[in-house]
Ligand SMILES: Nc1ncnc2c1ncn2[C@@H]1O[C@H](COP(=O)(O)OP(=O)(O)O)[C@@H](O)[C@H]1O
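As a starting point, one isolated chain is supplied in structure tokens, in the form predicted alone.
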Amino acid sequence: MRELTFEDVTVRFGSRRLGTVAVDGVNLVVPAGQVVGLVGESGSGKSTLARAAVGLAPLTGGRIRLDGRPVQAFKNRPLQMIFQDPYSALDPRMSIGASIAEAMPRGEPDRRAEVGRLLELVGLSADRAGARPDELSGGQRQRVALARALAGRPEVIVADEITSALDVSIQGAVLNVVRDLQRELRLTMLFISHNLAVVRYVSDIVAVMRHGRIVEYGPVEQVLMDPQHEYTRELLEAVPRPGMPLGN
């Protein structure tokens, strides 16, 4: 288990005069073996921060560390990311087994057996290894994306809106898999969502992001039961409640 920390992280797109600051001086700790749910509306900078963590968005300023060491200092890939759209994250020309095997470290002695183990770990049958992504449902593809991330044997998972593209009926099953695996494997996880109910279900800590900044951070029950920031209260008020009439 490793602790992931963001220290005064800034990500700017474009020039200093005409550019946009997507992440603005973020300080955030994801404790070892825990899940931090990062929540905020679209455009708040959540996904940019996630991409910065795995090196897909260059930093304008600040540092990202694992156990106090720069992420770049690790020769292996201790951070793995699961993307929002499971179909675009998988090569449609490859079987799901080949996609999972591709992510494994060099020297894996029995890739076929490991693919089968990972598929079963995420709730799929090992005999589906020969299937292609277009033969699977959205929920099954997201499970494959999770298996592929785990194939790299990471210690930190960054999950970016991984249920938002799925039907509501499927979201719960995928979240159960994520929560069970995180506990079983003792992974450190940054779990990104715009849905506070989802964050509450899977997270130990919640961080609220607005306009590129963290405006509230704390144990999930404490923040959601007694929010200190007005924006957090606005997000809570927007969560549908049982019996609430639906708009037209």
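Each residue number is its position in the shown sequence, starting from 1. All values derive from a computational prediction rather than experimental measurement.
There is another form of the same protein, the form predicted in complex with this ligand; it is not shown, and what comes next is about it.
Peer 1: Could you spot which one of 180, 221, 67, 41 gets a heavy atom to within 4.5 Å of this ligand in the model of the complex?
Peer 2: Contact residue from the list: 41.
Peer 1: Evaluate residue 47 for contact with this ligand in the model of the complex, applying a 4.5 angstroms cut-off between non-hydrogen atoms, and reply yes or no.
Peer 2: Although this ligand is absent here, residue 47 would touch it in the model of the complex, with heavy atoms inside 4.5 Å.
Peer 1: Residue 9: heavy atom within 4.5 Å of this ligand in the model of the complex?
Peer 2: Heavy-atom contact with this ligand at 4.5 Å: absent for residue 9.
Peer 1: Using a 4.5 Å heavy atom cut-off, state whether residue 20 contacts this ligand in the model of the complex.
Peer 2: Residue 20: contacts this ligand in the model of the complex.
Peer 1: Where does this ligand sit in the model of the complex: which of 47-55, 181-189, 24-32, 195-203, heavy atoms within 4.5 Å?
Peer 2: Careful reading of the contacts points to 47-55.
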